[in-house]
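Structure 1 and structure 2 below are two forms of the same protein chain, each written out on its own as structure tokens.
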Structure 1
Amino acid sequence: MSEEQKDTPPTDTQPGMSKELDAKVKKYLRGDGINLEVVKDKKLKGQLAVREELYGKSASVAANAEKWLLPSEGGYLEAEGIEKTWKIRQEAITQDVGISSQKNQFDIVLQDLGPYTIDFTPSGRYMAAAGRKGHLALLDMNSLNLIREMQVRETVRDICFLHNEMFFAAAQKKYPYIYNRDGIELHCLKEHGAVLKMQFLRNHFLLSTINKLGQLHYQDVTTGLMVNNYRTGMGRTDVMQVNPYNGVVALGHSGGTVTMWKPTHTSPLIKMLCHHGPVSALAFHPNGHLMATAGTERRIKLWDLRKFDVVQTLHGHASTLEFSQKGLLATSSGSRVEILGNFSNPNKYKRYMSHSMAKGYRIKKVLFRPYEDVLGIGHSMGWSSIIIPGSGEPNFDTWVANPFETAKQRREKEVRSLLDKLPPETIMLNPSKIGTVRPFSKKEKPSKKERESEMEAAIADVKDAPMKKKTKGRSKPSKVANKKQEGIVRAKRPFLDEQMKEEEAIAKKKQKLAEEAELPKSLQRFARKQAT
């Protein structure tokens, strides 16, 4: 055996590939290969052979990357025989999961301070809870330790983390306040007013709020400057959500419409009629292309935002909606939670799990915990946590969100995220346009003043042009003047022709509109007569 063969380590792409890796390679292959024996053209046959070899190598590399970088796989509940997954209760799930997963199922009863709303950090390690009657709490979900709790002694409507667990914002009775992890009040945002709902845009470091008067505010938390604030003109609403794909803020209104906003535009980017009654809940899929809305007419609709069309309509009422990292949809109404899944068809959601709270518990908010198969529920008696198999992403990227990050890693990530902060102008419906070349567009028509100035400049050039001196009476003043006049006429001609064409086009357009607007004889007597 040669030295090169001894030094070459065994790889998964060599003939001794495991059956598990073979299955992963098949997953990444682009269908069945081409039958090259049928192809008669030698040149085409060689090109196709090279292409097929390249596809095989890329599938093998992708399978190896999945093996080492994605070691864990998500699992769902599987029913046997005629058994239904939505009939499996939480008690049965607790008996079959490990000790580390059993601690994720609990109920915190604080009946005098609810209803509660909750929020998780992007890593899923920390949770903030806010009771309507002024109770604020910050918890470490890994150890289930209480980090800080306090009583602000006034109404709290919403709570959300900022860029990390060190800061969070609470929408209190009159104004929203920003606190640090130790519960110290840092800022009072009086310009926002009485806020009903808050969302934080992590890539742009913008705190977005909607208040009682229907005013939408965007504030930069790094500089403290108000980026923009304007009236939506659609009345009061507390249905607000951010699209994770493009950073666009969506609002659900009482007229059944959903509007989408960005901070650099005073009017909505999109205004779509989703329901015949008020919109009660709104949620976005993690990929940003699917939106779920719920209306008071007992309909839940799934929308494809690439064509703004309804993909599926479900019957039922929902006061809150939430998508998980793996695409499960949680809906709640009263004291019952329903989990919908799209296992057979990505655009068709079916019933997956259900959970009923104790009688008298009224659910205010449901929120999936990132990177865990856990659903957090804020209700009138406190907050609860239940196990939803397959809801969380099993593999986390430490550069994106690290549930086990240290203080040093958190500081480095904060600096890195500030350096990568995106300006508000990058928020748009199609962020893939960023970095592309703007397509060629036709030159805009010049205004009347610009046309006149161009014509005057052309006439001045003709007048100032030197005339050649000719002999035998050809340079008489009268002949020179006539030649200059001819030059001025030639210079004016293109501008006058263009003006005549525009006037003819306007006249034709007016004539066409008049013909379209002509009323039938029976209604002509009601037409408004023009003054003579």
Structure 2
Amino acid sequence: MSEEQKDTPPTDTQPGMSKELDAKVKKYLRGDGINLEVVKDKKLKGQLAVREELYGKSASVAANAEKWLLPSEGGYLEAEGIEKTWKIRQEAITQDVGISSQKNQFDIVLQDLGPYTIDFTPSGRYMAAAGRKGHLALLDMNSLNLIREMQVRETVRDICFLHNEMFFAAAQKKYPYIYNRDGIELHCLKEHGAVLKMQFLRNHFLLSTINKLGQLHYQDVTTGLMVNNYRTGMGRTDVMQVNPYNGVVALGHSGGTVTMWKPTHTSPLIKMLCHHGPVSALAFHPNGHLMATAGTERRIKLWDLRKFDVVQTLHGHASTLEFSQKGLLATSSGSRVEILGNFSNPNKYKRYMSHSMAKGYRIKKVLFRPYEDVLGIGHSMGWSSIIIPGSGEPNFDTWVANPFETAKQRREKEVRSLLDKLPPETIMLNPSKIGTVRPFSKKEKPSKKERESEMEAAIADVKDAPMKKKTKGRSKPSKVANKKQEGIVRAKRPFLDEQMKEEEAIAKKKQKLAEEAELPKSLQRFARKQAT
């Protein structure tokens, strides 16, 4: 009698490790299971139980795969003794890391072509840099090769990759242009106008831009269709970010408000007052729940987007904000970059690292390179790259983003992602609502207290309003008093009307019920007619 060989990985005997595994399993379950007790239908209950079991199994398999099968490990930086991590300088790190990582630290000095913005492809392999005076460059970061550079001889305000490194868009002086990887100008997008900031929504293939007049445009880059354009109505702004979790575009305005937009809705989904002064920078955490905003009043606030509540307020200037794949927050002001991390407590961001560049360098953009522990900095004298251990996701998925992509794989991926292109209607604040049943919502009536308070507020407004003093004997005290009374009655009327309507409805219902109880069913239709 021989026992079967089971192909499962060895189970952990240590309780600590199993707790870790539980946390991982929870991540892969993507939410809570359903409560099977309330389901009365036996057939449905059986089917749901089978399904829940399958989910559990697949989540535990994925957790085990994550534990044992992932090829790379993440980076970290630990200070020893009295050392503080934010005092550690880049030169000190260079000495301790391997040669292949040392080449990730560099400074490219191009002083006459204006402050540079940068953008990375989703795999982190290619970088596009644009200087304000018209210098566009495309680089391969694996080999640090310059693929293409050109001078467009116009102001370039922003640069953005489309779905892969073959296409990028540059926001030039009058309109944005789309270029090929070889530098060939493919399209001139005239409808967008003078664009300040551009963002590409990857799953939807939508290029969203905000221009000098405060207009937001959404264009589908596969068909060229302009999905929609909106006048934000809040003036000129160049703070724009897309939330990668749900595809919602957020704009920060000079009044301190942050508005969130989706292409199928003319008014903003959310309007929140974040700062007392203008919003200077905005960033989204990749999990979609955390948003960082910076205002000119020297505050950086971290918001929880599920409750729209402030989680943390930090002091400091920030002209740019950016989250990394692992949740590190990079802020920059002037020539200094500060990295904040939430290692010990997920709700509190503390100083992790900092880097100051030579005096006179004004940092325009910071961007973390995906799948690498690298921060790209675009500044007034060119661009640089520094090492931030622990910022990148160490394990990439070949079917999502592959830094070692061949041309054939890139072409296949393009076709597959086009087949999976999401329609613009799928952009919503909570993307997991798709496929769920819309709950039956009853119209909420304001409670009695609320109504009374509203009425009193209206009356108080009228009472306090100053009465105009009329001459020639027309402002006698009795007349003034009458007029005031009239004003109060007018203010009260809508509330009283509502009350009366409700009372009538209740009375009718009562009558109906009473009548229904008295008369047999076949005569009820006549009873109702008699009442009216």
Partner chain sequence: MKVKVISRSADEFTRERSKDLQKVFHNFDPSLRPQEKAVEYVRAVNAAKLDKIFARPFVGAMEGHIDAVSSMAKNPNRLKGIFSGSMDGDIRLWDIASRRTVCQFPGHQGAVRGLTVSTDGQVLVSCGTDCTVRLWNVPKATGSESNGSSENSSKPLAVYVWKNAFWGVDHQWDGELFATAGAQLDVWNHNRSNPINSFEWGSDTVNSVRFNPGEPNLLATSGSDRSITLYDLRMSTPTRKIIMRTKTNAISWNPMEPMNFTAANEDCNCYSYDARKLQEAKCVHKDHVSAVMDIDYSPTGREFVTGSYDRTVRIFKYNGGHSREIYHTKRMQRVFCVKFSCDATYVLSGSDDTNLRLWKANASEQLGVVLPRERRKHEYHEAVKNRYKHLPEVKRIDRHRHLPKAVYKASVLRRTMNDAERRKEERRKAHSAPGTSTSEPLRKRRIIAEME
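The model shown is predicted, which means the values in this text are computed figures rather than measured ones. By convention here, residues take numbers in order along the sequence of structure 1, the first being 1. What we label the rigid core is the largest C-alpha set whose atoms superpose within 1.5 Å from one form to the other.
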(request) Kindly point out the structure, among the two, that is the form predicted alone. (result) 1
(message) If I align on the rigid core, how far apart are the two C-alpha positions of residue 61 between structure 1 and structure 2? Answer in Å.
(response) 4.4
